[in-house]
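Just the one chain here, the form predicted alone, laid out as structure tokens.
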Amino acid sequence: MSSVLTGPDLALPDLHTPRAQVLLAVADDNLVTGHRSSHWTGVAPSLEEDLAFSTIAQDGISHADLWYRVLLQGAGFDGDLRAGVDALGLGRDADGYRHAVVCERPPRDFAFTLARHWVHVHVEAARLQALSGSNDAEVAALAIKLAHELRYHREHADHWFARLTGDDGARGRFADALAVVLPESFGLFEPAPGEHEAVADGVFPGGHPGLRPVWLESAAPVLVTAGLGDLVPADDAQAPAEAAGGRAGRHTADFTDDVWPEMTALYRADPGARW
């Protein structure tokens, strides 16, 4: 992993351990998705959805913050926890982030946003369920806590899925968005570097690849019932090349030239500043 920009006298623990890499992937998915969701604040198609996506954005960034805390505390970090969390969230070079590429895609339009939202919250629910069985007590406790909070996002996503697939005028646009999102979403199932060791150690039961059949088993019947069976991914489907490699730090210009500079600019201007 590339360097991490920190304030003075701040020494971060080793971020190359399997546990750290897995937790960075979990946190980064939430951080970047939350950042993209925030783009609807003030410009959503209704005040209700403006508030909803503002809350979704806040929760995503908040969940990332909590996972960074668990990463640091479990690694024996004894420095300024707030400064350490900020360094992890905002101080890494672009290739140090472990989120899936689908998370960094721009919002495009509301149909694309809702399609990604539906896929992401259901994958996240499966991941939290797996992490709740971790033998790392702090990881398991946070996963159980966040699963309760995610329930409301799932209800919101499912509401919009039913509404759009049941509307003759919106159905085609939503289906087109799902046709783009679903293949790229397989990047969410890529393992983080060293993840197999975290799986073997019981930190992340099943790992990211293990989430794939769980998610497919729940998503496929919903798509079929909605008359979108042609969009059900094949069992051996893979993310297209342009949407693969996020867990290894390979990101597109959507992140390196858009999200990352905007998200980190103020922190990187003065990483030791107190606000």
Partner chain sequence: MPVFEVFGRRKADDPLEHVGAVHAADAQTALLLVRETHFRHKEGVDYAVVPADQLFRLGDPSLVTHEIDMDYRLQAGYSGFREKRQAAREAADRRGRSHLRERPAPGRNANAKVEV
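Positions refer to the first chain, counted from 1. Bear in mind that the values here come from a model prediction, so they are computed numbers and not experimental data.
This protein has a second form, the form predicted in complex with the partner chain, left out of what is shown; the following refers to that one.
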| item | value |
| --- | --- |
| Candidate stretches 240 to 248, 216 to 224, 44 to 52, 30 to 38 - the one whose heavy atoms come within 4.5 Å of the partner chain in the predicted complex | 44 to 52 |
| Residue contact check: residue 163 to the partner chain in the predicted complex, 4.5 Å heavy atom | yes |
| Any non-hydrogen atom of residue 145 within 4.5 angstroms of the partner chain in the predicted complex | no |
| Any non-hydrogen atom of residue 109 within 4.5 angstroms of the partner chain in the predicted complex | no |
| Distance check, residue 196 to the partner chain in the predicted complex, heavy atom within 4.5 Å | no |
| Contacting member of 155, 201, 78, 176, with respect to the partner chain in the predicted complex [4.5 Å, heavy atom] | 155 |
